[in-house]
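As structure tokens, one chain now follows by itself in the form predicted on its own.
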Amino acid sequence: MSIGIIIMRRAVFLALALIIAVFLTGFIIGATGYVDNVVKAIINEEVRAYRQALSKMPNVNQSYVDKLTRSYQQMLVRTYGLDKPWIYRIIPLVYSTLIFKFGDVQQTSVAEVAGFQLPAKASDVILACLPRTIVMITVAELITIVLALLIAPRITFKIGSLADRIAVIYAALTNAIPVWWLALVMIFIFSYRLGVAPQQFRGVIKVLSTMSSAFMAGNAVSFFSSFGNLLSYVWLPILTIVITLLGPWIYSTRAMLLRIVREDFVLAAVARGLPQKVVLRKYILRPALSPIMTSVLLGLAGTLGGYIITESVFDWPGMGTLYYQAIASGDPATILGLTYILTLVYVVARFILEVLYVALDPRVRL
């Protein structure tokens, strides 16, 4: 069987996995009644507030209040679509999601994460939150990966040395520290004690909006000015994430390389007296490219889902916060849209890995 056919088969399987994931998500939020229960609770709260407001009006008959309240409740039921069975609401929404028509946001709390007000489209809300997650979490993960790939190979031939022990201790320490806990400490020190970082990070919404407008208008001065403001917001979250994730990344990369260092062909290369750099580049890093690239691509793809608790600590309106609000408020269009986008990113990353395996590993080609 040719390599092209193998790659095409895997692409088809990944596409099927994507479709199944979206349909299962729609089935779960529909058949279990989760969204309906959340929406009913929201409707009851809105109806209660409406009745209370009417009751405070002077000279209002109670029967008139009851009539208006029932009419308002029926209007909300029709607006949220609860007058129809879940399958008539969810299945068309799933199909629309698969063709990138995500529908409208139903809950105000979801739109507010993106800085919008209703009415708002789920696609616009997701596109507004995605860059915030990228500049905070994806960039931090990328910096962490680069540092790990620079440090780990340098201690590969120095197992048991002082540098290796420091790396192992640092990895064990940072692996035990939650990112959100360190975020609290960093905010306390740099924002409240030293005053060199913002105390409120939600201003990044306006900064990114200004950057986008300046870029579209071709205004370089405004763009770079906004970029400077963006750095003042993101440096502390990025530093926090890098400090926490660098240790585990160094340790995992070191472990991948150590498995190869003990192979016979590496020991033979060292015995022949080849320079350490040559052994590292040709005999260690090259065989380790496949697992390293797997960790890198899947790690970067996973960052787009955001860090819910860490974003909450920094009050950072990213994808994690959006996903949490969508689930908490039962907004089906946003839940399905986020599931589709994040699964699609994972599927694309997996497909890229399949192609890279063929290019990097001769054993796969055979």
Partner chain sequence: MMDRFKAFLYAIKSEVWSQSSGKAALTLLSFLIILSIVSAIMLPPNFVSVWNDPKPWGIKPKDAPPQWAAFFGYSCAPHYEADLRGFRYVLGISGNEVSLKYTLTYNLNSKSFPQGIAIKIDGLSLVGVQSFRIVLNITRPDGVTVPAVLTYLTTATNGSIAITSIVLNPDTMKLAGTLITLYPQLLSVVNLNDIAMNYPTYLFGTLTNTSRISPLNGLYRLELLVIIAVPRIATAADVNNIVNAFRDSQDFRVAVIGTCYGVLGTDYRGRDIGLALFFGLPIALLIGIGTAVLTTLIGLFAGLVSGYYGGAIDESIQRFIDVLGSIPLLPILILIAVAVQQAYGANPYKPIIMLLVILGTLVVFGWGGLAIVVRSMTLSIKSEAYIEAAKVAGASNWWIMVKHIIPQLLPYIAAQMVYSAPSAILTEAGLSILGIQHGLPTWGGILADARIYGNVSYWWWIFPPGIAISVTSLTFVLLGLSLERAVEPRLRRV
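Since the model is a prediction, treat every value here as computed from it, not as a measurement. Note that the rigid core is defined as the largest set of C-alphas that superpose within 1.5 Å between two forms. Numbering follows the first chain given and starts at 1.
Another form exists, predicted in complex with its partner chain; not displayed. Remarks below refer to it.
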item	value
Position in contact with its partner chain when the complex is considered in the predicted bound form, options Val278, Val185, Ile99, Ala217, heavy atoms within 4.5 Å	Val185
Sole residue of Ala171, Leu130, Ile238, Val266 within 4.5 Å of its partner chain in the predicted bound form, by heavy atom	Ala171
Partner proximity in the predicted bound form: Ile177 to its partner chain, non-hydrogen atom cutoff 4.5 Å	yes
Ile159, heavy atom within 4.5 angstroms of its partner chain in the predicted bound form	yes
Contact test in the predicted bound form: Pro153 vs its partner chain, heavy atoms, 4.5 Å	no
4.5 Å heavy atom contact, Pro248 to its partner chain in the predicted bound form	yes
In the predicted bound form, segment of 84 to 92, 143 to 151, 218 to 226, 252 to 260 with a heavy atom within 4.5 Å of its partner chain	252 to 260
Residues of 338 to 355 having any heavy atom within 4.5 Å of its partner chain in the predicted bound form, listed in sequence order	Thr339, Thr343, Tyr346, Arg350, Glu354
Large Cα shift (2 Å or above) at Phe190 between this form and the one not shown, core-fitted	no
Core-aligned C-alpha movement of Phe102 between this form and the one not shown reaching 2 Å	no
